[in-house]
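We've got the same protein chain twice here, in two forms, each standing alone as structure tokens: structure 1 and structure 2.
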Structure 1
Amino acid sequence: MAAVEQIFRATEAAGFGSLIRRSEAVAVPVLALIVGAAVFGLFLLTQGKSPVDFIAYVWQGGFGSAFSWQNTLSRAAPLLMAAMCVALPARLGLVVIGGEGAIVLGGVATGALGAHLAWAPAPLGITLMVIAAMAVGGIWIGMAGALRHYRGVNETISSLLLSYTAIALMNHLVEGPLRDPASLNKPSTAPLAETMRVGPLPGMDVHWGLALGVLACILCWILIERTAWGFAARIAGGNVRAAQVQGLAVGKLVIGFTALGGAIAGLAGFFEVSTVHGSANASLAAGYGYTGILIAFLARQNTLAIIPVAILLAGIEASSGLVQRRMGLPDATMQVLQGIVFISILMSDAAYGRLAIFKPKGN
């Protein structure tokens, strides 16, 4: 610690004080991650399992090889977009928990449209599917925003209800009107034309959803931090009345941000269908929307922070199989780990600004 202290003071003396304060935003959660892992280690010891082995397997399964990274990043892709559906409305003080519905319906829109696009050149067809998926997702979550603004309906409950309704609608469509008779025991929409399938990123076994997800995180960060719209949203999120006094169009902000969040979640549905499944079916309701809530809150609704958090979570999930197989632990072990680690990270919010080491001594 003393060595770190010395380095910090030297950095500060060199005129890079802000670097230290920034490093706090990284150091605190990382420290909390270690503390959480240690608590989980104690849990493992009570179960007669080795925490050292466990950490080794999580590393190996999630991050230890090229395959592990591809496994992790493939899982992270939909989570990035799902988290955005929570983080964007959150800037306005809204708690939206129904992103799953937007993902599912985005996927259905992609499947329904994609099956009829064999005539279209790939760029056009894919653009059309993206627009459809984003529009459907945007409308679905935008509805929660509109209900909030025009009717005063709480968006938390309405988005959850809309999400369950969306899943029912998806099941109805893929087993009824949109069902491909050839899909037999896994009712699905007709398969996408081969040209409408989106391939992997160059040189990797990870689909394009990852790149688009990261891009969306960056663009949304710019939107919120660097544009007038984002500035207005932050004011409205802090105090609606003040925003109205300032003449800000709160209604447009509420509907716009919820719709944008929903549209990005809808994009996740597009990628699930166009890269993984090739058609829309019940596997679209895989729970990404709910995981996204957790990621957004862990990232403190900061869309850039969503990227590392989503990768961490995906890595833990990617290593789950190896842990099950090597240590004879049930799959629920990973949930216990996530619960403990995330509680620890969330508690560390209290530590910001309290650790003396990060406080500039010079002034």
Structure 2
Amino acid sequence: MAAVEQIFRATEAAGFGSLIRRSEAVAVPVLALIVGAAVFGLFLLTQGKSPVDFIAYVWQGGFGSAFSWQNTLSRAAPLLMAAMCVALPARLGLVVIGGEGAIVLGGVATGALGAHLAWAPAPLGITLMVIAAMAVGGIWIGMAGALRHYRGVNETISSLLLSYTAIALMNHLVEGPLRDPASLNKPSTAPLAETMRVGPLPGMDVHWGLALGVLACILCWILIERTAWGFAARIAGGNVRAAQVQGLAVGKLVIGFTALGGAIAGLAGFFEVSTVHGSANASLAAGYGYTGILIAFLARQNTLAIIPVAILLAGIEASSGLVQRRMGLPDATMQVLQGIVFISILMSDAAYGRLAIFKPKGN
């Protein structure tokens, strides 16, 4: 009986320790978010503005009405997919920040192909555009993984440079070979036929990108947490040498996860063209890829946690116009907020495992 009691106590202690570690993974980012918001509040005070008014307008513009919620959820769709482009490679210890490039080129591929699909049935045409957008996004970000594996090039630098290259390539194509002659003031590809446009979710003024983004987060969580590929990725992310000793195909994992993240970001570009803009143009470079970096870090690379974090950040962005009008703040104010929060999140990494409140007794 004594042996059974010892085993029970050890199991209970292990479970309690696991609960503590999980609570730390939630509490530290939340604390960092609060600290960042407090610093931003001080910034507002230096500008002679009220932090309380700012919070009220953010709530009103992002979450205060049915219209606000639909605007927020529409903005959340590309943010969900952009964050996945960061979160998936991060499970392998990679910091990929080039999701903006995958979104832009995914949109260009959609616009270029969709302009020639007016003859096709809607299901076929939309499927082809989805495949094209995901393929281009996957190849583009997969190149960062390939450069890392085969040449040892830092994926953070290469993915960022690839993002700038993608935007430059988009501008060249949209203003040159792919430009619709009828687009005078704003160079664009030829508009998609109405049959190639994706409609909103039933009963909502929010496009299907939101549903696909949430589904992608759930499926990727299953991939990472419940499959052999995900288990292998977590091992490689913890110790590459140990993974190689165990015979794991680290190169395939690196290229595969970066390409998958890029493909999901490319899907965001498809929805931006097929539901929002109707053609590919400079509006594709809206900064969703960079906001996705912040979302992934706030969610601690947990693909399920990305969902509420993306909605929160989307609500803040949705309220930017109202904040600007009512408080007389410049448009870049929200970028200042995001920058402060991002710095707080980066600094909070030093707190993991060091706060006494999150250490089981006896450690």
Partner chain sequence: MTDFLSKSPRSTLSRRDLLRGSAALGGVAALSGFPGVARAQSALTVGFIYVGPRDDFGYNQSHAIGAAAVKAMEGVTVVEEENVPETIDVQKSMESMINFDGATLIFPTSFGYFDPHILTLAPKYPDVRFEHCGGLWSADKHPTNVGSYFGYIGMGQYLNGIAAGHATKTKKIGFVAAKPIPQVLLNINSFLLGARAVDPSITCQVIFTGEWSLAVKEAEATNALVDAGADVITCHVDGPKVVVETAAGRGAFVCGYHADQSALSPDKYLTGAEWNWAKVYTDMVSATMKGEAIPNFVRGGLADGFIKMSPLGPAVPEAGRAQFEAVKAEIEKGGFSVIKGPLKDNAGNVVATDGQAFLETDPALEGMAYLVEGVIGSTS
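All residue numbers here refer to structure 1's sequence, counted from 1. Every value quoted in this text rests on a predicted model; they were computed, and no experiment measured them. Note that the rigid core is defined as the largest set of C-alphas that superpose within 1.5 Å between two forms.
Asks: Pick the form predicted together with the partner chain out of these two and give me its number.
Replies: Pick structure 1 here.
Asks: Have a look at T195, I316, V206, A282 and flag the one at the hinge, given that one rigid part turns against another between structures 1 and 2.
Replies: Every other option is far from a hinge; the hinge one is I316.
Asks: If the larger rigid part is held fixed, by how many degrees has the smaller part turned between structures 1 and 2?
Replies: Rotation of the smaller rigid body relative to the larger: 11 degrees.
Asks: Looking at V336, what is the CA displacement between structures 1 and 2 after core superposition, in angstrom?
Replies: V336 is displaced by 4.4 Å at its C-alpha.
Asks: Cα of A56: shift between structures 1 and 2 in Å, core-fitted?
Replies: With the cores aligned, its C-alpha sits 2.8 Å away.
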